[in-house]
Ligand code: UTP
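As a starting point, one isolated chain is supplied in structure tokens, in the form predicted on its own.
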Amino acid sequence: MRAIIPVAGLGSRLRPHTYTLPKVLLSVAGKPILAHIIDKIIKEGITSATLVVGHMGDMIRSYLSASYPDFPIDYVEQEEHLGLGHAIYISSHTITSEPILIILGDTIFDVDLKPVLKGRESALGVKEVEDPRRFGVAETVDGYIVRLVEKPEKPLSHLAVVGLYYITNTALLVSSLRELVEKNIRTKNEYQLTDALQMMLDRGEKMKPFTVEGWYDCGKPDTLLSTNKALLETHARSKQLPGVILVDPVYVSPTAKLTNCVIGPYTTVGKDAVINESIVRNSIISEGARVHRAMLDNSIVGNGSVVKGNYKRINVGGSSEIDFY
């Protein structure tokens, strides 16, 4: 079975990190977002993948060829950002009559997909959310999806479509996407996968929802940090280091160099990072970054970046209050 993974987005909400690195190569809980996804689909029995790449796509190719040399991957270039439906449409030459799994490249999932991938009917991953207006929303009747709406102003359901799409009728999917493009049917000026899936429903395709509780968004700095926290809580294993206080859960790369510091909780330290005389918590210190004499909280330090601070000397009398910003 093939997975199709669109990763061509610019990641504008994660700037300045995405000026120099594709969003999917940002580190969370010890490895890039994309590595979490690839490891997951391989574990679930997926045998090949199509990556839809764009800006800085060469960096994604280089990373995957080095890290997963035996996993077959086709690459498709999306030169214009015309929506998720367009990304899947331009990948249609890699789609056969076999079922496919579409998985978004900026989210990490913790769900057992094996029962879903054995099914004969198409199925979409969903999760009940408080405010569904920024998601595609699924309306269901008797256990089947009957209507899909992209980012509705007045949602009639709280079931958000979370970016996992198991499609068994691939011929109908491709023809629906082709109709969107050829007739220039757009929503919010983009070709939406949601609209193609609704066409499939209107033509009699059966689709079931399946619940995804472990759904971790990596699209913004705050959600990247919350995903880092959630993954560390379930997967982190740390070893004590001399001269360093580790407050679990943390992940520290074996090649990182730490001296005279307090790390954690909920902190990831990437490979070849250097931290000394610092306190770091709730943060991601990326590959090759250097932190010296700093106190960091809820922070992301990008690859190769340098953060330096200074200790302060004070003489404070009674009934005083000092804030350092």
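These numbers were taken from a predicted model, which means no experiment stands behind them. For every residue, the number given is its place in the sequence shown, counted from 1.
Absent from the display: the form predicted together with uridine 5'-triphosphate. The rest refers to it.
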item: Whether L10, L84 and G105 all lie within 4.5 angstroms of uridine 5'-triphosphate in the predicted bound form by heavy atom; value: yes
item: Listed residue that, although uridine 5'-triphosphate is not shown, lies within 4.5 Å of it in the predicted bound form (heavy atoms), from S92, S226, T168, Q78; value: Q78
item: Interface stretch in the predicted bound form with uridine 5'-triphosphate - options 131-139, 176-184, 239-247, 97-105, non-hydrogen atom within 4.5 Å; value: 97-105
item: Touches uridine 5'-triphosphate in the predicted bound form: K23 (any heavy atom, 4.5 Å); value: yes
